[in-house]
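Here we start with a single chain on its own, the form predicted on its own, put down as structure tokens.
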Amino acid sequence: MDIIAAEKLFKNCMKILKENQHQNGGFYASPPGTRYPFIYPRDHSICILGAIAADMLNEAKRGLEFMLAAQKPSGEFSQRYDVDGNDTSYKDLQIDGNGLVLYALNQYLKATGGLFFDTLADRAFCLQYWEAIEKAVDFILQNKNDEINLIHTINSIHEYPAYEHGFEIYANSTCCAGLFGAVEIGEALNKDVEEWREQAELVRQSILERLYSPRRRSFIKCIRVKYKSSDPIGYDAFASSVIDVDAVEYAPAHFGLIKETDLRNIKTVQRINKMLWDEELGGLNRYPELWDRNNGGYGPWLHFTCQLSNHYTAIGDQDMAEKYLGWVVEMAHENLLPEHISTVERFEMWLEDYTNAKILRDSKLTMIENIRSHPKWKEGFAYVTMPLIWPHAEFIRAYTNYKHKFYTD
């Protein structure tokens, strides 16, 4: 990996985070005038985590203030907001946002002193929003199916109900991590959170039992169930398992529910690397091409590539960590990162499929124009949504972990 180039990218990623945080505290998913000029709880929470990793704690706090103030009375965080905190959602429930906000808040508390340094820890901030924390936890638990102790959602990280409607692994991992985060916050504030701890542990154990396939030696994507309250779920109209490989099957370890060295995680990551590493372009695809939901063409995603690099860093495999992070550095254009990368041929194939099927929305036309007008198009690459803020935050986190592991050990 080109360390000089990596350092330049790292510094620009911090600059990008600052430039794309509205004065109200919300992090844009992509800059105004581009495809996603809104605040999405999922992207926004990762930006907060990136800010924490970069020691930008003021920015992290402002981001948390924005999101906690925008919470619905039910405790849910909407699919997306405008810069004033108004709900602009156009998709159904994505409960991983609840888990991610709680997880990010706990990481902020730890970064300011955690449970040990009373003079430093920003406990007052957590106490200020304790009611919001309670509501966020309650909303998660309201969506838990008590038959199998998993959290139900309609959409998850890919916003694709066909493969995510039910008990999905990323949503369950983030919600479980969020519950444990809320427990730690509660303990720091001397609150009685024993029931939350018990519920979090039930979900964790169920993830390890029901979303793991011993014969495949891998976590699986989703148990498809239409209704959260189906009992027994075996008679639900959707009842089935989605066992296709997905980059987010790494989520249990990524969010600390199991150790990186756990054999279940190691084998899962081996499967992801084997089946989703793009042999033509490099980088990690998010799921199989056969899903045929590839806006702009099938190809590797930079933030998922960054995420998985954390595993190799954690287990001390510097060669693989550099393979993943080095690819992200190489793909940066003027120290900016896109959502994902494809080839011109794959882009045109996607465009033909969607045009023929009459499913090409008008909102995609600007995206198409931007892809074709990008300088990389002449080199045979389709750079999709440039820049997306999320991968910049993930690179900050992953590269910080890499430096701490291999430069300070």
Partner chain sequence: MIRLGSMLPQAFMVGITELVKMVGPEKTCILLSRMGKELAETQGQGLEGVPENDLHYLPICPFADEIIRFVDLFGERPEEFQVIVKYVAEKEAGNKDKVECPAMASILCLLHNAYRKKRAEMAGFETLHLASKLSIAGAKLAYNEEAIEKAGKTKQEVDRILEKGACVFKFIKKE
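Note that the structure is predicted; figures quoted are calculated from it, not measured. Residue numbers count along the first chain shown, from 1.
Not pictured, yet referred to below: the form predicted in complex with the partner chain.
Peer 1: Heavy atoms within 4.5 Å of the partner chain in the predicted complex: which stretch in 210-218, 104-112, 290-298, 79-87 meets that?
Peer 2: Of the options, only 79-87 has residues within 4.5 Å of the partner.
Peer 1: Check each of E352, E369, D362, E379 and return the one that places a heavy atom within 4.5 angstroms of the partner chain in the predicted complex.
Peer 2: If I apply the 4.5 Å criterion carefully, the residue I get is D362.
Peer 1: With the partner left out of view, is F66 within 4.5 angstroms of the partner chain in the predicted complex by any non-hydrogen atom?
Peer 2: No, F66 stays farther than 4.5 Å from the partner chain in the predicted complex.
Peer 1: Using a 4.5 Å heavy atom cut-off, state whether S74 contacts the partner chain in the predicted complex.
Peer 2: Yes, S74 sits close enough to the partner chain in the predicted complex that at least one of its heavy atoms falls within 4.5 Å.
Peer 1: Mark Y227 yes when one of its heavy atoms lies within 4.5 Å of a heavy atom of the partner chain in the predicted complex, and no otherwise.
Peer 2: Y227: contacts the partner chain in the predicted complex.
Peer 1: I'd like to check something about F38: if you look in the predicted complex, is any of its heavy atoms closer than or equal to 4.5 Å to a heavy atom of the partner chain?
Peer 2: Taking the distances in the predicted complex, the answer for F38 is yes, it comes within 4.5 Å of the partner chain.
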